[in-house]
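Coming up is one lone chain in structure tokens, specifically the form predicted alone.
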């Protein structure tokens, strides 16, 4: 009975959060230029929350540390940029193509990477990610090199509020699909490979196949995030492919809680909000962001290894006793 009540509370809390997110841009729009800026910030939070959640399919649930996940984010971004800027394709078609191209890229890279485990897997994903980064950096005639692709067309109807709502709808749809995947028999098998690889093999699970499928799905959703991010900023650049972008998603998973489905989204939003607030207080604080982030991660690892979601759970359990 308690479990059923907890599930009902989670659904009620989730519905209330979604309702507030839909109302938020209309409230912010009343504050003029400042409001538009915060609509842009919250839109970025939504997109990066999707990116972090996609990584967590292989990190938290699959137990595979990937430093090359930004490759699929960047591929999605460049797909949208190239199709819209050079081929004149509409935004909707470009956003549909982005995850498909990212998923195909993930299938090729994953075919090599899942053959290794642990540190070797992490290093190989890093190597492939940096390879794509260098290709984009050097291929000026196609990707614009280190200048990137600027001036992505923006549909007239997509003002700040409408684009925020589009990203929110896409995020909710992807979030529900990923939640369904995690709670399915496939998701349970993936978690088993994380907990006990030998036992998974013993009971007949084709570990490489399951990990490859999981890797492809994570790349697919990362491509959606990259495509949305490119249209938000109206450019795509090599930074989107860099391993440090993967690091941002890993940090989000650690801060929010990688063993919780909503943890990475929360962690990503908290870090982006904190970074923007520090920027508003004084520019010098942004210059030492790496130091501040280091202290945050140190504190989380030492005092809240299960992230903010785990910390919240511990506090609520103590209050009940």
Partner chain sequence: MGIEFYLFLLINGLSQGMVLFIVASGLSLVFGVLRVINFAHGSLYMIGAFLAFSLSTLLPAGSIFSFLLLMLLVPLAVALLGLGLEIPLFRRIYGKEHLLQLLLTYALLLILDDACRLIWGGDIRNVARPDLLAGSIKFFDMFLPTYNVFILVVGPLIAVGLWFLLYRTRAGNLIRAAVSHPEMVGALGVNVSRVMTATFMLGCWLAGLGGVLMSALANIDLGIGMEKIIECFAVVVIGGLGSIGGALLGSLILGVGVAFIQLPLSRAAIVFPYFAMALILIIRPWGLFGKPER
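Numbering follows the first chain given and starts at 1. This is a predicted model, so every value here is computed, not measured.
From this point on, the text means the form predicted in complex with the partner chain, which you will not see here.
- Partner contacts here mean any heavy atom within 4.5 Å of the partner chain in the model of the complex, and among 270 to 278, 33 to 41, 46 to 54, 291 to 299 they occur only in 291 to 299.
- Checked against the partner chain in the model of the complex, the residues 131, 96, 212, 165 give one hit for a heavy atom within 4.5 Å, which is 131.
- Note on the partner interface in the model of the complex: the residue among 138, 90, 184, 206 having a heavy atom within 4.5 angstroms of the partner chain is 138.
- By the 4.5 Å heavy atom rule, the three marked residues 120, 123 and 258 all count as contacting the partner chain in the model of the complex.
- In the model of the complex, at least one heavy atom of residue 65 sits within 4.5 Å of a heavy atom of the partner chain.
- Using a 4.5 Å cutoff between non-hydrogen atoms, residue 160 does not count as a contact of the partner chain in the model of the complex.
- The partner chain is not drawn, but in the model of the complex it has no heavy atom within 4.5 Å of residue 196.
- Residue contact with the partner chain in the model of the complex: residue 153 places no heavy atom within 4.5 Å of it.
- Counting a residue when any of its non-hydrogen atoms is within 4.5 Å of the partner chain in the model of the complex, there are no hits in 180 to 206.
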